[in-house]
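Only one chain is given next, in structure tokens, and it is the form predicted on its own.
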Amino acid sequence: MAYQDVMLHIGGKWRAAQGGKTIDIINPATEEVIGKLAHASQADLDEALEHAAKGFDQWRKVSPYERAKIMRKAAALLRERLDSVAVLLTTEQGKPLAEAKAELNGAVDVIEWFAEEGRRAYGRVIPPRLPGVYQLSLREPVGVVAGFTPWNFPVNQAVRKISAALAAGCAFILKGPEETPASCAELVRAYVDAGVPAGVVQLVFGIPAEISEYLIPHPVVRKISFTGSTAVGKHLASLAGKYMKRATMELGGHAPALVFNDANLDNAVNILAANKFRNAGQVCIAPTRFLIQEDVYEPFLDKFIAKCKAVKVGNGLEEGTTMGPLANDRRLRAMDEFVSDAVGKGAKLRTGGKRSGNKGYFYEPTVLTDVTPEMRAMNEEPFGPVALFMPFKSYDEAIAEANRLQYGLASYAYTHDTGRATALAGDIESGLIGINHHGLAVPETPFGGIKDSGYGSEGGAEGLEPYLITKFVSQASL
């Protein structure tokens, strides 16, 4: 599938923006313009809102059984197109082709899982206090949803929101990622080609702030779902609160990884290194602060650095590449700033720490030791291939550092002590905890953070709840 210009999808039609405005799409591995993206105007948004309202009125009346059939067909179409869509995803986002295929396979699983879960959005009968009275708790779709998704997982992030919404009977307006739009558009195409009625799923692109600040206050929109940075998420959450809109917020992270002296070091190194450098570290649940008990600090560090040096950085479409480029030149500058600040404050650069080559947004896998809480990288989400190492002596010391930040999305721990593992599950402040393995973010499990990492869940049975409202009906027989 050759990379082509990306259109809006409004009212069942793929089309250019009404004003004809476009945005360049850049290949991060080559820095070349590979296509144009339609840039929605307010007129386009008004049309999308009008069609979404009509689409919701139609889709909410479709039975959960029939909705599930259409969604399963969308999953089958995406599976059939997986290889070609994966090439688009790697071309525009940079991740290795194997990672792109894994993202798409995961998306298929999400659609299929929510298709079935939507058939089980049960209400209940409540025993009455009086004879002849029926008391019912009913579940109904919340309405039109506006979703805002990021560039790091352009299919994975969108599919959770759209699938949960469709399973519940909602209509969805997606503000897709401008830097990685084609793969996201192909996800929408799968739903449309599967038979989702016109107006039920719509796709727009443009200036994120302008679109969010227009859609969120609009009376047609009843709920928003946002994945992105904490700073932007707080702004959108306040806007949603002002207009009494439901909101799900999946925001930034700064995940600690605690390795105790009784851990299987080879297992911990293999898993943590693979997940640190997946998608060039541009993953909200990537391990970032490596807290290693003193007894095993140097052995673990040596093994981890060896893993870093074995990473093959390059174009994601080239065979053998294990880490692609960063998404844009802004991320390159951010990595340089984090490393420079840390080294200037006493950190030691053990490997990496600079751009790789002079073409494309490639950055070397980087390890910093002797880090302290005064350094920017220890407080701001690096969102790149930078691992920060700090030794600890006691359990309490490790927990204090793990919980020091206001982030609370993901955390990891490695230990053979079952009592310690149980204590960690209770003591670490995060919405997701992986102990001795990396088992997060599968369709049937909840996914979401606490503190400044957001609220609400986008996975599991919990992921359907935000798209449903509860209506109580009390009826007496005449």
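Here the structure is a predicted model, which means the values were calculated and not measured. Throughout, we count residues from 1 along the sequence that is shown.
Here the subject shifts to the form predicted together with ligand NAD, a form of this protein not shown in this document.
When you look in the predicted bound form, the only residue of 90, 183, 227, 366 with a non-hydrogen atom within 4.5 Å of ligand NAD is 227.
Of the candidates 327, 251, 398, 144, 251 is the one whose heavy atoms come within 4.5 Å of ligand NAD in the predicted bound form; the others do not. Within 4.5 Å of any heavy atom of ligand NAD in the predicted bound form lies no heavy atom of residue 277. At a distance threshold of 4.5 angstroms between non-hydrogen atoms, residue 178 is in contact with ligand NAD in the predicted bound form.
With a 4.5 Å cutoff on heavy atoms, residue 288 does not count as touching ligand NAD in the predicted bound form; it lies far away. None of the heavy atoms of residue 300 is located within 4.5 Å of ligand NAD in the predicted bound form. Although ligand NAD is omitted here, in the predicted bound form none of 265, 350 and 391 has a heavy atom within 4.5 Å of it.
Comparing 97-105, 302-310, 350-358, 152-160 against ligand NAD in the predicted bound form, the single stretch with non-hydrogen atoms within 4.5 angstroms of it is 152-160. Looking at 368-395, the residues that come within 4.5 Å of ligand NAD in the predicted bound form, counting any heavy atom, are 381, 383.
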